[in-house]
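Encoded as structure tokens, the following chain is the form predicted alone, with no partner shown.
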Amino acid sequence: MEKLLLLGAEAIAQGAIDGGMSGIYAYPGTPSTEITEYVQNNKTAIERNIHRQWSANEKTAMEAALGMSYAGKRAMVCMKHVGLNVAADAFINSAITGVNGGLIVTVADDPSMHSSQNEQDSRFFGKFAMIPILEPSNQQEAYDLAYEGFDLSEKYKVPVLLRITTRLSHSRAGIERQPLKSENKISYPEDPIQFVLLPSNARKRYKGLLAIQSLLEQASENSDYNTYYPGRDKSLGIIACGIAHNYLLENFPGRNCPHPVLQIAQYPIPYSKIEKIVNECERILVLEDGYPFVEEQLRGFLEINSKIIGRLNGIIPRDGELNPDIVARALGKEVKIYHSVPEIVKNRPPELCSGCSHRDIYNALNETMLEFGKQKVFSDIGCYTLGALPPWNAINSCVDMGASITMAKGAADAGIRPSVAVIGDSTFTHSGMTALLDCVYENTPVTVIISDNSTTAMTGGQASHATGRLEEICIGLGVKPEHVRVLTPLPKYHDEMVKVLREELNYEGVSVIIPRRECIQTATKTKKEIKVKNVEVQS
């Protein structure tokens, strides 16, 4: 079969396409974004007309994928770990409704918080939902598990969680493709009320979910991806989960570990294999990239706390991503430092691009806020979050997508005047609209600044659902038209921006200010594409 050199994220996308997927649903979020982008540009996906447009947020993506599954088709929904929090309502309930067509929920976790606000481990969500979890250790397994995950989902009639971490998602390796499968035909659930979670039906379906747990455990025990490798040195046994298996093998010449190793890539954890390695070895080192998910279960299952070492006893650091050096230290190996960084070299924090429209609105906002006092500006997730750093120091919160408006509302309810929210256009349609509706319902005195750069800039310039619609949305939600103000954020309009900001900050009601200018990065890219097209036409 054809061989391809792919990122882990791309391998998952290719595996899903080859596995007969009919639709992918997602909201951009590093390190998961490249999965959907690969499908969007894939020749087979285009020829088959696989659904591949971005969703407004992770919850809508999860629900749309569940709808495609209802119709008997195979679907994948993708997000980063904090996106699973947004999708959690539909995700947890989808385990109870079950599926018709195969459904894979792919979540990319971000240990060390390279581009995230926490280190959340999504395996806990999978265990909470009581569904199978797949965790590849390399790009080939990422492809294979995506390819085969639909079969697993359809066999047990439940969604499957496919969990990866940043390094696997963003590293590249060769993969070998399997035969391209046909897409499922439309079919309806055998039980016409399978997806109706009225309490009487939900109780019945929940009992059904509980009833298949032993089958899921047996499937994990028999999985080709949960492998026990015997070793001669039984002073230590090693349980390596997902990418941790790769890090382990990197520490041994020829990738031959002398200790017994249990590689885990499918959950629930394979208890018989766990018992085997525990009974054979003097101590057990648990390696996992993320929380001590398996380690905690071992301690409760085996009641041999003194024998288990890992994140919970400090052998592995409790926070941060795993890497080969950390594994080496846990194995008692010496870790060489080949290069030291001179003290003169310092980390440079990220900053807003030169020419970014967010710069101009922050300059105007800071000048205006001198009249009203400090610590009254709330924000959330996007490029504009960099306004918290020098030289602006303009915002005072960043909790989650959409929290800027609701936190500003709560602060206004507490008596803070003025109370200001700064949010981006894509984040607004992701999870800011309902927050604005809360403000309108109570006519809360807040000023919402929707900094509109007409794209989802932070994750690479994906299309924004808000482009060309913001004024209509805000007025439709009930904001008075005269208090929906559109500005052009450029230095030459600085005084006008300050004037409008001052007027709306003094208004005792809901106001929305929309500073609108295309992202400098996408604008540059668009100009280059137009130039190339003009050259092609002329030639």
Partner chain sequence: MKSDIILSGVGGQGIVSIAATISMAALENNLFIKQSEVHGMSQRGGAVQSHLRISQEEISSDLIPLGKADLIISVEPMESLRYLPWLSENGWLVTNTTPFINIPDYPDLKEILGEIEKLPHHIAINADEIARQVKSPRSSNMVMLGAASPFLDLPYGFLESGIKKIFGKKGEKVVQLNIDALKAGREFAIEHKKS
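Positions refer to the first chain, counted from 1. All of these numbers come straight from a predicted model, not from anything done at the bench.
The same protein has a further form, the form predicted in complex with the partner chain, not shown here; the description that follows concerns it.
Peer 1: Using heavy atoms only and a 4.5 Å cut-off, determine which of K276, K155, H170, R283 is in contact with the partner chain in the model of the complex.
Peer 2: So the residue touching the partner chain in the model of the complex, by this definition, is H170.
Peer 1: Considering E442, D400, E217, D325, which brings a non-hydrogen atom within 4.5 Å of the partner chain in the model of the complex?
Peer 2: Checked against the cut-off, the match is D325.
Peer 1: Can any non-hydrogen atom of I243 be found within 4.5 angstroms of the partner chain in the model of the complex?
Peer 2: Contact check for I243: yes, within 4.5 Å of the partner chain in the model of the complex.
Peer 1: Does the 4.5 Å heavy atom contact test between C353 and the partner chain in the model of the complex come out positive?
Peer 2: Yes, C353 sits close enough to the partner chain in the model of the complex that at least one of its heavy atoms falls within 4.5 Å.
Peer 1: Check whether N201 has any heavy atom within 4.5 Å of a heavy atom of the partner chain in the model of the complex, and answer yes or no.
Peer 2: N201: no, not in contact with the partner chain in the model of the complex.
Peer 1: Would you please decide whether P230 lies within 4.5 angstroms of the partner chain in the model of the complex, comparing each non-hydrogen atom pair?
Peer 2: No, P230 stays farther than 4.5 Å from the partner chain in the model of the complex.
Peer 1: Looking in the model of the complex, is the partner chain within 4.5 Å of a heavy atom from each of L249, C383 and A457?
Peer 2: Heavy-atom distance to the partner chain in the model of the complex: all three under 4.5 Å.
Peer 1: Tell me the stretch among 69 to 77, 121 to 129, 108 to 116, 202 to 210 that has any heavy atom within 4.5 angstroms of the partner chain in the model of the complex.
Peer 2: Going through the listed ranges, the match is 108 to 116.
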